[in-house]
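Form predicted alone, single chain, as C-alpha coordinates, below.
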(Lines give C-alpha, C1' and ligand atoms only; values in the text may rest on other atoms or scores of the structure.)
Protein backbone atom coordinates (compact mmCIF):
# COMPACT_ATOMS: atom_id res chain seq x y z
CA UNK A 1 0.00 0.00 0.00
CA UNK A 2 1.43 3.37 -1.06
CA UNK A 3 2.44 5.92 1.56
CA UNK A 4 0.36 9.06 2.09
CA UNK A 5 1.83 12.36 3.27
CA UNK A 6 -0.27 15.24 4.59
CA UNK A 7 1.87 18.36 4.35
CA UNK A 8 1.76 21.48 6.47
CA UNK A 9 -1.62 21.28 8.19
CA UNK A 10 -2.36 22.29 11.74
CA UNK A 11 -2.34 18.93 13.50
CA UNK A 12 -4.39 18.41 16.66
CA UNK A 13 -2.07 16.57 19.02
CA UNK A 14 -3.27 14.63 22.10
CA UNK A 15 -2.02 17.56 24.23
CA UNK A 16 -4.57 19.85 22.55
CA UNK A 17 -1.87 21.80 20.74
CA UNK A 18 -2.26 22.63 17.03
CA UNK A 19 1.23 23.02 15.53
CA UNK A 20 1.87 23.06 11.79
CA UNK A 21 3.28 19.63 10.96
CA UNK A 22 3.49 16.89 8.37
CA UNK A 23 1.92 13.46 8.90
CA UNK A 24 3.05 10.27 7.21
CA UNK A 25 0.54 7.45 6.80
CA UNK A 26 1.98 4.05 5.99
CA UNK A 27 -0.55 1.33 5.29
CA UNK A 28 -3.40 1.74 7.77
CA UNK A 29 -1.34 3.46 10.48
CA UNK A 30 0.10 6.84 11.33
CA UNK A 31 3.83 6.26 10.84
CA UNK A 32 5.38 9.66 11.57
CA UNK A 33 4.45 13.15 12.76
CA UNK A 34 7.02 15.90 12.29
CA UNK A 35 8.36 18.71 10.15
CA UNK A 36 9.47 18.36 6.54
CA UNK A 37 8.65 14.67 6.10
CA UNK A 38 9.92 13.52 2.69
CA UNK A 39 9.13 10.14 1.16
CA UNK A 40 8.82 8.76 -2.36
CA UNK A 41 5.07 8.78 -2.99
CA UNK A 42 2.53 10.23 -5.37
CA UNK A 43 -0.04 10.44 -2.58
CA UNK A 44 0.53 13.88 -1.11
CA UNK A 45 -2.17 16.16 0.31
CA UNK A 46 -1.38 19.86 0.61
CA UNK A 47 -2.77 20.58 4.06
CA UNK A 48 -1.66 24.20 4.30
CA UNK A 49 -4.48 26.31 5.68
CA UNK A 50 -6.35 23.22 6.87
CA UNK A 51 -6.65 21.49 10.27
CA UNK A 52 -6.08 17.76 10.74
CA UNK A 53 -8.30 16.06 13.32
CA UNK A 54 -8.99 12.46 14.34
CA UNK A 55 -11.89 11.04 12.40
CA UNK A 56 -15.27 11.36 14.07
CA UNK A 57 -16.70 8.26 15.76
CA UNK A 58 -20.49 8.56 15.75
CA UNK A 59 -21.77 6.25 18.50
CA UNK A 60 -25.49 6.36 17.72
CA UNK A 61 -26.94 6.09 14.22
CA UNK A 62 -29.93 4.41 12.57
CA UNK A 63 -28.90 3.46 9.04
CA UNK A 64 -32.13 1.56 8.26
CA UNK A 65 -30.66 -1.53 6.59
CA UNK A 66 -32.02 -4.16 6.38
CA UNK A 67 -35.70 -3.62 5.78
CA UNK A 68 -36.02 0.16 5.51
CA UNK A 69 -33.58 0.93 2.70
CA UNK A 70 -35.97 3.40 1.10
CA UNK A 71 -35.00 5.80 3.93
CA UNK A 72 -31.25 5.04 4.01
CA UNK A 73 -28.89 2.14 3.44
CA UNK A 74 -25.37 1.29 4.54
CA UNK A 75 -23.83 2.61 1.33
CA UNK A 76 -25.59 5.99 1.25
CA UNK A 77 -25.13 6.37 5.00
CA UNK A 78 -21.41 5.62 4.79
CA UNK A 79 -21.07 8.16 1.97
CA UNK A 80 -22.77 10.72 4.21
CA UNK A 81 -20.37 9.76 6.99
CA UNK A 82 -17.36 10.28 4.74
CA UNK A 83 -18.62 13.70 3.65
CA UNK A 84 -19.13 14.65 7.29
CA UNK A 85 -15.74 13.44 8.52
CA UNK A 86 -17.24 10.42 10.33
CA UNK A 87 -14.79 7.52 9.97
CA UNK A 88 -16.57 5.04 12.28
CA UNK A 89 -20.16 4.51 13.40
CA UNK A 90 -22.14 2.41 15.89
CA UNK A 91 -25.54 1.42 14.54
CA UNK A 92 -28.76 0.63 16.35
CA UNK A 93 -30.87 -2.57 16.27
CA UNK A 94 -34.30 -1.25 15.18
CA UNK A 95 -34.12 -2.54 11.62
CA UNK A 96 -36.27 -5.19 9.90
CA UNK A 97 -35.57 -7.82 11.08
CA UNK A 98 -34.47 -6.52 14.48
CA UNK A 99 -30.81 -7.06 15.39
CA UNK A 100 -31.40 -9.33 18.38
CA UNK A 101 -29.27 -12.44 17.83
CA UNK A 102 -26.11 -13.77 16.25
CA UNK A 103 -27.68 -14.36 12.85
CA UNK A 104 -29.09 -10.85 12.45
CA UNK A 105 -25.83 -9.32 13.69
CA UNK A 106 -23.81 -11.42 11.26
CA UNK A 107 -26.08 -10.32 8.44
CA UNK A 108 -25.48 -6.65 9.23
CA UNK A 109 -21.73 -7.18 9.44
CA UNK A 110 -21.73 -8.84 6.02
CA UNK A 111 -23.79 -6.03 4.50
CA UNK A 112 -21.37 -3.47 5.94
CA UNK A 113 -18.36 -5.35 4.57
CA UNK A 114 -19.90 -5.11 1.12
CA UNK A 115 -21.18 -1.53 1.25
CA UNK A 116 -19.65 0.71 3.93
CA UNK A 117 -16.62 2.88 3.10
CA UNK A 118 -16.15 3.75 6.79
CA UNK A 119 -15.66 1.56 9.87
CA UNK A 120 -18.65 0.08 11.64
CA UNK A 121 -20.00 -1.56 14.77
CA UNK A 122 -23.47 -2.72 15.77
CA UNK A 123 -25.62 -2.92 18.90
CA UNK A 124 -27.78 -5.86 19.84
CA UNK A 125 -31.28 -5.00 21.03
CA UNK A 126 -32.65 -6.29 24.32
CA UNK A 127 -36.02 -8.07 24.28
CA UNK A 128 -37.92 -10.33 26.63
CA UNK A 129 -36.75 -13.43 24.78
CA UNK A 130 -33.03 -12.97 23.99
CA UNK A 131 -31.37 -12.42 27.38
CA UNK A 132 -28.99 -15.35 26.87
CA UNK A 133 -27.63 -13.94 23.61
CA UNK A 134 -27.04 -10.41 24.88
CA UNK A 135 -23.64 -11.31 26.31
CA UNK A 136 -22.41 -13.80 23.71
CA UNK A 137 -22.75 -12.27 20.23
CA UNK A 138 -19.52 -10.79 18.83
CA UNK A 139 -18.28 -8.30 17.79
CA UNK A 140 -20.88 -6.13 19.48
CA UNK A 141 -20.45 -2.64 20.93
CA UNK A 142 -23.22 -2.96 23.50
CA UNK A 143 -26.81 -3.78 24.42
CA UNK A 144 -29.48 -1.26 23.38
CA UNK A 145 -32.44 -0.93 25.74
CA UNK A 146 -35.45 1.12 24.67
CA UNK A 147 -37.10 2.12 27.95
CA UNK A 148 -39.61 4.22 25.99
CA UNK A 149 -40.50 5.75 22.61
CA UNK A 150 -40.63 2.30 21.04
CA UNK A 151 -43.17 -0.41 20.32
CA UNK A 152 -43.01 -4.14 19.75
CA UNK A 153 -40.32 -6.48 20.99
CA UNK A 154 -37.67 -3.80 21.55
CA UNK A 155 -39.75 -1.92 24.14
CA UNK A 156 -38.44 -2.78 27.63
CA UNK A 157 -40.83 -1.00 30.00
CA UNK A 158 -41.20 -3.87 32.45
CA UNK A 159 -39.22 -3.29 35.64
CA UNK A 160 -38.55 -6.98 36.29
CA UNK A 161 -37.17 -7.50 32.78
CA UNK A 162 -35.05 -4.36 33.03
CA UNK A 163 -33.57 -5.57 36.32
CA UNK A 164 -32.73 -8.97 34.82
CA UNK A 165 -30.87 -7.26 31.95
CA UNK A 166 -28.76 -5.21 34.37
CA UNK A 167 -28.17 -8.14 36.72
CA UNK A 168 -26.74 -10.54 34.11
CA UNK A 169 -23.37 -10.00 32.47
CA UNK A 170 -20.96 -7.11 32.05
CA UNK A 171 -21.45 -5.73 28.52
CA UNK A 172 -22.22 -2.02 28.14
CA UNK A 173 -25.91 -1.20 28.34
CA UNK A 174 -27.03 1.86 26.36
CA UNK A 175 -30.48 3.16 27.26
CA UNK A 176 -33.01 5.31 25.50
CA UNK A 177 -34.25 6.83 28.73
CA UNK A 178 -37.89 7.88 28.53
CA UNK A 179 -40.61 6.57 30.84
CA UNK A 180 -43.16 4.84 28.64
CA UNK A 181 -45.89 4.83 31.29
CA UNK A 182 -45.75 8.60 31.68
CA UNK A 183 -45.66 9.08 27.90
CA UNK A 184 -48.83 6.95 27.49
CA UNK A 185 -50.66 8.90 30.19
CA UNK A 186 -49.68 12.29 28.80
CA UNK A 187 -50.45 11.32 25.21
CA UNK A 188 -53.99 10.37 26.22
CA UNK A 189 -54.45 13.50 28.34
CA UNK A 190 -53.03 15.94 25.77
CA UNK A 191 -54.04 14.42 22.44
CA UNK A 192 -57.12 12.45 23.43
CA UNK A 193 -58.77 11.41 20.20
CA UNK A 194 -57.37 14.20 18.02
CA UNK A 195 -56.48 13.03 14.54
CA UNK A 196 -53.99 15.88 14.04
CA UNK A 197 -52.25 18.41 16.25
CA UNK A 198 -49.36 20.88 16.25
CA UNK A 199 -46.01 19.05 16.49
CA UNK A 200 -44.94 21.26 19.40
CA UNK A 201 -47.13 19.02 21.57
CA UNK A 202 -44.50 16.30 21.11
CA UNK A 203 -42.27 18.07 23.63
CA UNK A 204 -45.15 18.33 26.10
CA UNK A 205 -46.17 14.69 25.82
CA UNK A 206 -42.62 13.32 26.14
CA UNK A 207 -41.66 15.92 28.71
CA UNK A 208 -38.50 16.41 30.75
CA UNK A 209 -40.01 14.50 33.67
CA UNK A 210 -40.47 11.41 31.46
CA UNK A 211 -36.78 11.58 30.61
CA UNK A 212 -35.69 12.10 34.22
CA UNK A 213 -37.75 9.19 35.58
CA UNK A 214 -36.16 6.75 33.15
CA UNK A 215 -32.63 8.07 33.67
CA UNK A 216 -33.04 7.78 37.44
CA UNK A 217 -34.23 4.18 37.10
CA UNK A 218 -31.31 3.21 34.83
CA UNK A 219 -28.76 4.87 37.12
CA UNK A 220 -30.18 3.14 40.20
CA UNK A 221 -29.83 -0.25 38.50
CA UNK A 222 -26.33 0.59 37.30
CA UNK A 223 -25.28 1.54 40.82
CA UNK A 224 -26.95 -1.53 42.32
CA UNK A 225 -25.13 -3.97 40.00
CA UNK A 226 -22.06 -1.83 39.22
CA UNK A 227 -23.04 -2.30 35.61
CA UNK A 228 -21.54 -0.27 32.77
CA UNK A 229 -24.24 2.18 31.68
CA UNK A 230 -24.41 4.67 28.85
CA UNK A 231 -27.30 7.13 28.59
CA UNK A 232 -28.12 7.95 24.99
CA UNK A 233 -29.11 11.42 23.71
CA UNK A 234 -29.63 13.01 27.14
CA UNK A 235 -31.77 16.09 26.61
CA UNK A 236 -32.80 17.90 29.81
CA UNK A 237 -31.47 20.12 32.55
CA UNK A 238 -33.17 17.84 35.08
CA UNK A 239 -31.03 14.91 33.93
CA UNK A 240 -27.80 16.94 33.89
CA UNK A 241 -28.46 18.10 37.45
CA UNK A 242 -29.26 14.54 38.55
CA UNK A 243 -26.13 13.05 36.96
CA UNK A 244 -23.97 15.75 38.47
CA UNK A 245 -24.92 14.27 41.83
CA UNK A 246 -25.23 10.53 41.12
CA UNK A 247 -23.02 9.68 38.13
CA UNK A 248 -20.59 6.85 38.92
CA UNK A 249 -17.23 6.33 37.16
CA UNK A 250 -18.73 3.53 35.03
CA UNK A 251 -21.63 5.69 33.77
CA UNK A 252 -21.35 7.86 30.65
CA UNK A 253 -23.84 10.07 28.83
CA UNK A 254 -24.06 11.71 25.43
CA UNK A 255 -25.88 14.62 23.83
CA UNK A 256 -26.90 15.29 20.22
CA UNK A 257 -26.15 18.44 18.23
CA UNK A 258 -29.92 18.83 17.82
CA UNK A 259 -30.38 19.19 21.58
CA UNK A 260 -27.46 21.63 21.76
CA UNK A 261 -28.44 23.89 18.85
CA UNK A 262 -32.22 23.54 18.47
CA UNK A 263 -35.09 23.99 20.90
CA UNK A 264 -38.88 24.08 20.87
CA UNK A 265 -38.89 27.30 18.85
CA UNK A 266 -37.80 25.17 15.86
CA UNK A 267 -41.33 23.75 15.54
CA UNK A 268 -42.48 27.11 14.16
CA UNK A 269 -40.07 26.99 11.21
CA UNK A 270 -39.48 23.26 10.75
CA UNK A 271 -42.79 21.74 11.79
CA UNK A 272 -42.55 17.96 11.95
CA UNK A 273 -38.97 18.08 10.65
CA UNK A 274 -38.14 19.16 14.21
CA UNK A 275 -39.78 16.05 15.69
CA UNK A 276 -37.39 13.58 17.33
CA UNK A 277 -37.11 11.30 20.38
CA UNK A 278 -36.41 12.49 22.97
CA UNK A 279 -37.97 15.76 21.83
CA UNK A 280 -36.42 19.18 21.53
CA UNK A 281 -36.42 21.11 24.80
CA UNK A 282 -36.15 24.70 26.02
CA UNK A 283 -33.35 27.26 25.74
CA UNK A 284 -32.61 26.60 29.42
CA UNK A 285 -32.07 22.94 28.57
CA UNK A 286 -29.73 23.95 25.72
CA UNK A 287 -27.63 25.95 28.18
CA UNK A 288 -27.56 23.15 30.77
CA UNK A 289 -26.43 20.61 28.16
CA UNK A 290 -23.59 22.86 27.03
CA UNK A 291 -22.55 23.29 30.66
CA UNK A 292 -22.74 19.54 31.16
CA UNK A 293 -20.33 19.02 28.27
CA UNK A 294 -17.97 21.65 29.59
CA UNK A 295 -17.73 20.19 33.09
CA UNK A 296 -17.73 16.51 32.13
CA UNK A 297 -21.20 15.44 33.26
CA UNK A 298 -21.82 14.69 29.59
CA UNK A 299 -19.01 12.76 27.95
CA UNK A 300 -19.46 12.98 24.20
CA UNK A 301 -21.68 13.73 21.22
CA UNK A 302 -23.71 11.42 18.97
CA UNK A 303 -25.94 12.41 16.08
CA UNK A 304 -28.78 9.87 16.50
CA UNK A 305 -28.89 10.02 12.67
CA UNK A 306 -32.44 8.76 12.03
CA UNK A 307 -33.58 9.59 8.49
CA UNK A 308 -37.14 9.54 7.20
CA UNK A 309 -38.40 10.62 3.80
CA UNK A 310 -39.89 14.07 3.34
CA UNK A 311 -43.18 12.40 2.44
CA UNK A 312 -43.22 10.60 5.79
CA UNK A 313 -42.28 13.76 7.65
CA UNK A 314 -45.09 15.66 5.90
CA UNK A 315 -47.73 13.56 7.64
CA UNK A 316 -49.67 15.49 10.30
CA UNK A 317 -48.58 15.05 13.91
CA UNK A 318 -48.84 12.58 15.68
CA UNK A 319 -48.70 10.36 12.59
CA UNK A 320 -45.34 11.80 11.49
CA UNK A 321 -42.23 9.77 12.45
CA UNK A 322 -39.59 11.04 14.87
CA UNK A 323 -35.99 11.46 13.79
CA UNK A 324 -33.51 13.62 11.90
CA UNK A 325 -30.38 12.99 9.83
CA UNK A 326 -27.11 14.31 11.24
CA UNK A 327 -23.82 12.67 10.26
CA UNK A 328 -22.97 15.34 7.67
CA UNK A 329 -23.46 18.32 9.95
CA UNK A 330 -22.24 17.31 13.43
CA UNK A 331 -18.57 18.19 12.90
CA UNK A 332 -19.18 21.55 11.16
CA UNK A 333 -21.77 22.49 13.79
CA UNK A 334 -19.36 21.83 16.63
CA UNK A 335 -16.38 23.47 14.92
CA UNK A 336 -18.54 26.51 14.22
CA UNK A 337 -19.29 26.66 17.94
CA UNK A 338 -15.54 26.48 18.60
CA UNK A 339 -14.85 29.34 16.20
CA UNK A 340 -17.55 31.34 18.00
CA UNK A 341 -15.86 30.78 21.37
CA UNK A 342 -18.31 28.32 22.96
CA UNK A 343 -15.60 25.64 23.22
CA UNK A 344 -12.18 24.75 21.79
CA UNK A 345 -11.23 22.66 18.78
CA UNK A 346 -9.56 20.19 21.17
CA UNK A 347 -12.80 19.84 23.15
CA UNK A 348 -14.75 19.23 19.95
CA UNK A 349 -12.37 16.43 19.02
CA UNK A 350 -12.59 14.93 22.50
CA UNK A 351 -16.39 14.96 22.37
CA UNK A 352 -16.62 13.57 18.83
CA UNK A 353 -13.69 11.14 18.80
CA UNK A 354 -11.41 10.51 21.78
CA UNK A 355 -14.02 10.11 24.50
CA UNK A 356 -16.16 7.85 22.33
CA UNK A 357 -13.20 5.53 21.69
CA UNK A 358 -12.45 5.36 25.42
CA UNK A 359 -16.07 4.78 26.44
CA UNK A 360 -16.60 1.91 24.01
CA UNK A 361 -13.12 0.44 24.34
CA UNK A 362 -12.21 0.99 20.68
CA UNK A 363 -8.42 0.63 20.50
CA UNK A 364 -6.06 2.97 18.63
CA UNK A 365 -8.70 5.43 17.48
CA UNK A 366 -9.74 8.93 18.47
CA UNK A 367 -6.31 10.58 18.61
CA UNK A 368 -3.49 11.43 16.22
CA UNK A 369 -0.58 9.34 17.50
CA UNK A 370 2.22 7.39 15.85
CA UNK A 371 1.17 3.76 15.55
CA UNK A 372 -2.54 4.53 15.80
CA UNK A 373 -5.08 3.98 13.05
CA UNK A 374 -5.03 6.52 10.24
CA UNK A 375 -8.67 7.61 10.57
CA UNK A 376 -8.35 11.32 9.90
CA UNK A 377 -10.26 14.35 8.65
CA UNK A 378 -8.86 17.57 7.19
CA UNK A 379 -11.20 20.50 7.77
CA UNK A 380 -11.23 24.12 6.62
CA UNK A 381 -11.81 26.49 9.54
CA UNK A 382 -11.28 29.57 7.37
CA UNK A 383 -14.18 29.06 4.99
CA UNK A 384 -17.89 29.38 5.75
CA UNK A 385 -20.62 27.85 3.62
CA UNK A 386 -24.33 27.19 3.70
CA UNK A 387 -25.81 23.77 4.41
CA UNK A 388 -27.75 22.87 1.25
CA UNK A 389 -30.12 19.92 1.05
CA UNK A 390 -29.20 19.29 -2.59
CA UNK A 391 -25.57 18.69 -1.59
CA UNK A 392 -26.30 16.06 1.07
CA UNK A 393 -25.30 12.44 0.61
CA UNK A 394 -27.94 11.00 2.93
CA UNK A 395 -30.72 9.32 0.98
CA UNK A 396 -33.47 11.27 2.75
CA UNK A 397 -32.10 14.49 1.23
CA UNK A 398 -32.85 16.98 4.00
CA UNK A 399 -31.39 18.43 7.19
CA UNK A 400 -32.85 20.48 10.05
CA UNK A 401 -29.80 22.72 9.60
CA UNK A 402 -30.43 23.55 5.94
CA UNK A 403 -29.65 27.23 5.40
CA UNK A 404 -27.25 27.49 8.34
CA UNK A 405 -23.88 29.12 7.71
CA UNK A 406 -21.16 26.87 9.14
CA UNK A 407 -17.41 26.45 9.03
CA UNK A 408 -15.13 23.42 9.46
CA UNK A 409 -16.49 21.32 6.62
CA UNK A 410 -14.27 18.34 5.76
CA UNK A 411 -12.03 18.66 2.72
CA UNK A 412 -10.54 15.17 3.01
CA UNK A 413 -11.64 12.12 4.99
CA UNK A 414 -9.22 9.21 5.46
CA UNK A 415 -10.28 5.77 6.71
CA UNK A 416 -7.63 3.15 7.52
CA UNK A 417 -5.09 5.14 5.50
CA UNK A 418 -7.31 5.40 2.40
CA UNK A 419 -8.89 8.62 1.11
CA UNK A 420 -12.66 8.13 0.94
CA UNK A 421 -13.68 11.78 0.46
CA UNK A 422 -11.71 14.50 -1.31
CA UNK A 423 -12.82 18.08 -2.00
CA UNK A 424 -16.46 17.34 -2.64
CA UNK A 425 -16.12 13.87 -4.14
CA UNK A 426 -16.79 10.46 -2.61
CA UNK A 427 -14.09 7.87 -3.38
CA UNK A 428 -15.78 4.48 -2.87
CA UNK A 429 -12.93 2.18 -3.93
CA UNK A 430 -12.24 0.81 -0.43
CA UNK A 431 -14.31 -0.59 2.42
CA UNK A 432 -14.20 0.12 6.13
CA UNK A 433 -13.57 -2.53 8.77
CA UNK A 434 -15.51 -3.91 11.73
CA UNK A 435 -14.56 -2.17 14.94
CA UNK A 436 -13.18 -4.10 17.89
CA UNK A 437 -14.33 -3.45 21.45
CA UNK A 438 -12.17 -4.11 24.51
CA UNK A 439 -13.93 -5.45 27.61
CA UNK A 440 -14.88 -2.82 30.18
CA UNK A 441 -13.31 -2.92 33.64
CA UNK A 442 -15.26 -1.11 36.36
CA UNK A 443 -13.08 1.78 37.47
CA UNK A 444 -12.27 3.11 34.02
CA UNK A 445 -13.62 6.54 33.20
CA UNK A 446 -13.82 8.74 30.16
CA UNK A 447 -11.52 11.73 30.62
CA UNK A 448 -12.75 15.17 29.62
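Positions refer to the first chain, counted from 1. Computed from a predicted model, the values in this text were never measured in an experiment.
What comes next is about the form predicted in complex with a small molecule, which is not displayed.
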For this session: Would you point out which of 23 to 31, 60 to 68, 400 to 408, 47 to 55 contains residues with a non-hydrogen atom within 4.5 Å of the small molecule in the predicted complex?
Result: 60 to 68
Problem set entry | is_contact(residue 228, the small molecule) in the predicted complex, heavy atom dist at most 4.5 Å | no
Exercise. Hey, in the predicted complex, is residue 361 touching the small molecule, heavy atoms inside 4.5 Å?
Worked result: no
Problem set entry | is_contact(residue 76, the small molecule) in the predicted complex, heavy atom dist at most 4.5 Å | no
Exercise. Is residue 126 close to the small molecule in the predicted complex, meaning a heavy atom pair under 4.5 Å apart or at it?
Worked result: no
Exercise. So which of 203, 180, 277, 263 reaches within 4.5 angstroms of the small molecule in the predicted complex, heavy atom to heavy atom?
Worked result: 277
For this session: Using heavy atoms only and a 4.5 Å cut-off, determine which of 286, 94, 104, 347 is in contact with the small molecule in the predicted complex.
Result: 94
